[in-house]
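To begin, one chain is listed below as structure tokens, in the form predicted alone.
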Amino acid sequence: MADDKDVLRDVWFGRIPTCFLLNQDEVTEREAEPYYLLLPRVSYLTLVTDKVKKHFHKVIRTDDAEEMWFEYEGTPLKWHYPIGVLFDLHASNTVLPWSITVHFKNFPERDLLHCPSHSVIEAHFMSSIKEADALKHKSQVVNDMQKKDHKQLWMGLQNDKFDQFWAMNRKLMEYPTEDGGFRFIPFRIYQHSLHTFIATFLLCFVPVSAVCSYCSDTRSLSSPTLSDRPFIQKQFRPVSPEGHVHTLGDLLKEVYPVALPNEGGPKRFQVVIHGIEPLLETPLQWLSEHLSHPDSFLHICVIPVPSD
């Protein structure tokens, strides 16, 4: 990969000032003081919040406490999404610090996966790395690694050790020069709201009468049905068969054209990676090498342009 260590460091050390507040219905002993943390964008909520749990356990009856979970403005936060993705998707236009509500009761079974230990996070993290390497290298690189190499990747993330992680992760970012890039780019595109996405797509491409009929039909659909596909993911090569270097704009045009502005029309969406809007002309291979999360996926958030 191109050696641009400053970019890699900036991505790794990205932080989000966050204020954790205990759900008021769960305070039992005395008033709970908020707890402040600088959350690493590239990590996972349940991996970096042990201190939050310890802090709030002081003011609740631990006998009544169930698994800790987090919510922002009524939306349960999926721990298996990187923290930066959660922020960009749900709170990118909020005033800092990011205010997260902490719960120890009424776990939302239909919205969140359970996370009883760090080993669950490790298993999810390594599964993502293996899936990404299957796309990039037919799993050849990750299969050639030893168990201690896998552990080094995990420990680097868990302990926030940039050099430890990248000493091993560099292997996952290599490719033969003649190939011009990976086999496929591991990416996931997240919509701010599936309802917003569907409505915008229909208004752009479907007659108004059909939109009205669709909206009437979907009122009876349950939310789990609408959230079965929380992100878009498909095979996409960094270079075309003709040798054309694919860009971020090429990817969106192929798999999510709604995110792109209509010619001459107003900009409707922001395309955000690690809190920034890369130029649509940026080569996808470069983005994958430098702006992927530690799980080797390029996480792309498409959110509505904030209204004035």
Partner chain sequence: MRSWKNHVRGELQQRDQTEKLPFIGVFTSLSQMEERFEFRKTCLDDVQSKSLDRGGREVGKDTRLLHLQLRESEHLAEKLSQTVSDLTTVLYLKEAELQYWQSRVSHFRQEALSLAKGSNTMKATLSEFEYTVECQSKELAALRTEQKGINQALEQACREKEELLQRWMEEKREEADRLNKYNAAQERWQRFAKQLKKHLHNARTKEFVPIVTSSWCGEAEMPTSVIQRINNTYRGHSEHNHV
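Quick caveat: nothing in here was measured; it's all calculated off a predicted structure. Positions refer to the first chain, counted from 1.
Below, we refer to the form predicted together with the partner chain, which is not included among the displayed structures.
- Val48 falls outside the set of residues with a heavy atom inside 4.5 Å of the partner chain in the predicted complex.
- Though the partner is left out of this view, Pro257 does not reach within 4.5 Å of the partner chain in the predicted complex, counting heavy atoms only.
- By the criterion of a heavy atom within 4.5 Å, Arg41 is counted among the residues contacting the partner chain in the predicted complex.
- Under a 4.5 angstroms non-hydrogen atom cutoff, the partner chain in the predicted complex lacks Pro294 among its neighbouring residues.
- Shown here without its partner, the chain carries Ala167, Arg170 and Gly275, all of which come within 4.5 Å of the partner chain in the predicted complex through at least one heavy atom.
- This chain is displayed alone, yet in the predicted complex one of Met68, Ala32, Leu37, Leu252 has a heavy atom within 4.5 Å of the partner chain; that residue is Leu37.
- Using a 4.5 Å cut-off on any heavy atom, the one residue of 128-155 that reaches the partner chain in the predicted complex is Gln152.
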